[in-house]
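This document starts with one chain, in the form predicted on its own, laid out as structure tokens.
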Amino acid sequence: MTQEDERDLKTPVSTGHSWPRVRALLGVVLGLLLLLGGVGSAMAQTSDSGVEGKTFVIGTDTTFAPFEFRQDGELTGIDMDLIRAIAESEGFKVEIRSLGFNAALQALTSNQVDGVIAGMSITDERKQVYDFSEPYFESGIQMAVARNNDDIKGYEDLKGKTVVAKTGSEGETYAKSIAGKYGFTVKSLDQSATMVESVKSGSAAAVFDDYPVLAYGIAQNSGLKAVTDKVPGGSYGFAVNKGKNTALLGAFNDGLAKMKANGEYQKILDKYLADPTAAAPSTFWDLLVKSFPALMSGLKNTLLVTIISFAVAMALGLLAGFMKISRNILLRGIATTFVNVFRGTPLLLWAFMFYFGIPQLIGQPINIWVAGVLTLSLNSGAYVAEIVRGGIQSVDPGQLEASRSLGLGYGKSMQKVVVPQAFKMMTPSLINQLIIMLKDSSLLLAIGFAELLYQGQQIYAANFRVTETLLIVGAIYFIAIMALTKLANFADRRFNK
């Protein structure tokens, strides 16, 4: 600003107002603008960071009673009641995905879920990757052995033996920390129910697990008994990706504080820890009746994903099969690569890749049904391609030559003469591939797909009646496979006369 400009500002304006009054008026206007701007900014921040009315996807474990398990087909437990109560209190909604502990963490890392609540201990190592809420449960570690085992009374009796602990848990960390001192080996497993069965079958001498989990299982007649006092362990916390979903984390903390203040938090703990035996069915028939709706839901998902995947696999297999017998070297190369890649790698690897790996590469979540269908159809499509190739090449070459000599072109000869004969020979192998696909669908439980075996795991995780539950699941699989086989054979006889 020049000196002339400054003099002009000091000169009274033409309306007769003095400069001090103008300056005061400008100051008032500026103050109002700043105030409105600040309010608007605050409102924008509230709008951007608020959780009210939003829906968040929350990942959890599948088998960690009493924190998360299924009762009468519904996912329940301390963690589930807690997150739902907080969501209601803070005005947001939650969609729960029961994935398994490790799968839930992978889903969080790949942004498939917004947060994880799964009896997750807060550790310094995890703090490098995740932001945690205030602790909502103070845990501890205990060791348990088979109920009829009177030889192991403490850690000193474990020398030369194998114990089990849950992968990534506080129990695993503690067991490994004292393994050298007492001379035992630690084997890590993914599920509490599996650990219990390992101890009962004698393949492991003892189990290290969080004390409420062991106490719940013992109350459910799991066949174990605790032989050590509780060792103070870590604190459980709700986790989000580091630097993300801070509003959700804040809402969880606010809701947790309110629940502790009004007594709702203690009511939830008492509901599951004071009398956990209330949910246990007493007879095999009672178990069957209670578990039947959930198992039928799992069977429906198993059949549906199998049928959809088989239809896609047939389309891919037919295309790749014809490409493998093509005279074009490029087409043959593409088909051969497809077959070699998907036949030469485990199906489970692709389930993890499609559901956890690719979303991190594209920055976009993939629906679990899409991941399941891609996994099964691409794997089976590679086998169908070889079935198609083998079926076509098994037709006597003279059939093609004879049709060509009668004036039919190559395409018509394949369509009218070769393929119908090849399809009759391929049908038994295709039916077999359909049955294999139905059984392979059970592997999708690793990514939390709610198929039949997954539902069975949910049931025995809550009641620890593993053998009986698996017998029921096995019978349902057998009936479904036999029915599907007879239906496929009927279609074969009907259309391949």
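What we label the rigid core is the largest C-alpha set whose atoms superpose within 1.5 Å from one form to the other. Just so it is clear, the model here is predicted, and its values are computed rather than measured. Counting begins at 1, following the sequence as shown.
This next part talks about the form predicted in complex with a small molecule, which is not shown.
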| property | result |
| --- | --- |
| Residue stretch of 451 to 459, 60 to 68, 438 to 446, 424 to 432 approaching the small molecule in the predicted bound form, non-hydrogen atom distance within 4.5 Å | 60 to 68 |
| The small molecule in the predicted bound form reached by all of D81, F137 and Y272, non-hydrogen atom within 4.5 Å | no |
| The small molecule: the contacting residue among S133, S110, S121, S98 in the predicted bound form [heavy atom, 4.5 Å] | S121 |
| Candidate from R126, R343, K300, R147 lying within 4.5 Å of the small molecule in the predicted bound form - any heavy atom | R126 |
| The small molecule contact at S169 in the predicted bound form, heavy atom, 4.5 Å | yes |
| Close approach of Y236 to the small molecule in the predicted bound form, 4.5 Å, heavy atom | yes |
| Threshold 2 Å Cα movement between the shown form and the other one for M353, core superposed | no |
| Shift of V231 between the shown form and the other one at or above 2 Å (CA, core fit) | yes |
